[in-house]
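Presented as structure tokens, the chain that follows is alone, the form predicted on its own.
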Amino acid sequence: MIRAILAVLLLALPAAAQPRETLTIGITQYPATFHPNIESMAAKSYILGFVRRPLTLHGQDWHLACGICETLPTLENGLAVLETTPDGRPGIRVTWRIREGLRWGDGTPVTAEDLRFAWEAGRAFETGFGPAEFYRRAYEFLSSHPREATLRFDRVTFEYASAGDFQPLPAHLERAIWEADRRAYRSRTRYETDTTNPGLWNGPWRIAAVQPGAGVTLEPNPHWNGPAPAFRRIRVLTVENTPALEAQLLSGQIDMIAGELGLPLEQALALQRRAGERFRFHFQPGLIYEHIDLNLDNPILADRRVRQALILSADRAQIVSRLFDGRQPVAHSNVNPLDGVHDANVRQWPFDPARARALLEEAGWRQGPDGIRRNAAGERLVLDFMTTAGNRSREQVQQVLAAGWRQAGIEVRIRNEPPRVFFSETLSRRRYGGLAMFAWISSPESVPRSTLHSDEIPTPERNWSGQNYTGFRHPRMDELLERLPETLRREDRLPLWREVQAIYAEELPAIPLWFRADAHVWPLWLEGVRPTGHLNPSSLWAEEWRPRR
């Protein structure tokens, strides 16, 4: 009788007072793969933040911290030891110990064997893992304890304590698949064929249901030994069209929009003016670099003068002022002004259409009768321009840039694709013919080897690993990217960082646009979300999220 009365009283409570068991989040992309070590994509990082924990990470304070390790290795605590490699070079031995009690979602303990498997698969180039440099430098794996892993590196870097993207993989589920066919592992992994298998996940939640292209449903991992999640389920829905994403928020179909990949800034600002009393808005500046990669294998773009003409005829300051209310700083290199290694004196390219036209003339592109330039062979100056379809902000930017470039005599053909195709096929296999607009997210003082070193150009022989999608080749840049990690004292690294930024700003393998401020939109009843502004998403601390009492 008492239970019946309580049930009636509960039903009579207003909706806001009902226990909140589900949190529904909207994002604008769907992962191309759920495998943690294959391809980089913001949507995957965000979702995996709920269901996996990395060995190390950068916290909300931008400092390196343990994810599933017990203690960060240092030379002082003896977990990092300088040594000589077998071939006589300076090396370092680094040991991480996995936190006790950590288990995969099927109850299997997370052990050093899971790290060993990730290391072995990462070193096999045909697997196509990234970052390839990490696995190449870690030449030996040692383990004398079920929860302890030691890697021996063939050079000493200032990032020695950071495991980066080196994450445990469930060897009890994945090793046999990898050993059967290493090259086909990318498509045969259980992360692709059996995504809801609980044994793939070691975080507070596990992926319980998948709707390809539409979203995932997460449920608590019963074997998680950290703080208990406050929600019985989390639904992460993909809505690639940002006006539709906003409409679903306003109609109550979703509770919040993830700032990491949600509404463009200008759309969020307009929404705040209209519905600021219904939601909490947080604008997080950070290390998110919006830019346009240029395919340098295209003969037109191989000419540096054309690349410089493109940036000179792009009124980036005007776009930031009009579309983003001046809240996003124009980028002059790939290093954010918030990062301590940023060079304030790096070369800047102002809006200068006259100089752009002069450079194009110098490069042999003459004005044609239709306003589009032609070379001596009569070929028109036409470039394909791609980005993620459905992102209203990027599509607006495309239109403004295309108009400016046409004034300079450059025609661009806009050919956008859904994010899952754009990132998994077009970019990763360098199938874009000219210009590709997207964003990189980095960690503080992140050496951009994977995006700028010539060894990181994706090729079929490398099974398309690497993120140098522009095909940039520059011997001095390669040298700097190799020296930077080996320079332990930050004051000694600063001149190298200045030169990296100087080469980037002069050579322009990509057109810097701006550094984004992410717009987070939360329900009034949610608390505990703490955005980082860098590579590690807020979902890595989602067990702290709670309904407001």
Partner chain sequence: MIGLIASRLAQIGLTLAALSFAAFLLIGLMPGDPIALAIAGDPRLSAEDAARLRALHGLDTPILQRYLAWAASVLSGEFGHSRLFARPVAELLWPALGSTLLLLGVAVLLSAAFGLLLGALAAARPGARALVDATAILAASAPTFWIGILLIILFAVLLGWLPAGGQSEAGGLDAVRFLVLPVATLAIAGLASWARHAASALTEALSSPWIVTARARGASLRRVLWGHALPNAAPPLVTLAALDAGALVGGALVTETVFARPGMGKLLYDAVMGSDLNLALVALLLIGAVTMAATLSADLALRAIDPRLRDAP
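Everything numeric in this text was worked out from a predicted model, so none of it was measured. Residue numbers count along the first chain shown, from 1.
Although not depicted, the form predicted together with the partner chain is the subject of the following passage.
When contacts are judged by a 4.5 Å heavy atom cut-off, residue 519 does not count as touching the partner chain in the model of the complex. Put simply, residue 240 is close to the partner chain in the model of the complex: some heavy atom of it is within 4.5 Å.
Among heavy atoms of residue 82, none comes within 4.5 Å of the partner chain in the model of the complex. The closest heavy atom approach of residue 322 to the partner chain in the model of the complex falls outside 4.5 Å.
Highlighted residues 284, 515 and 536: none comes within 4.5 Å of the partner chain in the model of the complex, counting any heavy atom. Across the options 73-81, 355-363, 181-189, 290-298, residues that bring heavy atoms within 4.5 Å of the partner chain in the model of the complex belong to 181-189. Residue 465 is the only one of 111, 334, 167, 465 with a heavy atom lying within 4.5 Å of the partner chain in the model of the complex. Only one of 233, 116, 430, 474 comes within 4.5 Å of the partner chain in the model of the complex through a heavy atom, and that residue is 233.
Along 411-430, these residues reach a heavy atom to within 4.5 Å of the partner chain in the model of the complex: 420, 421, 423, 424, 425.
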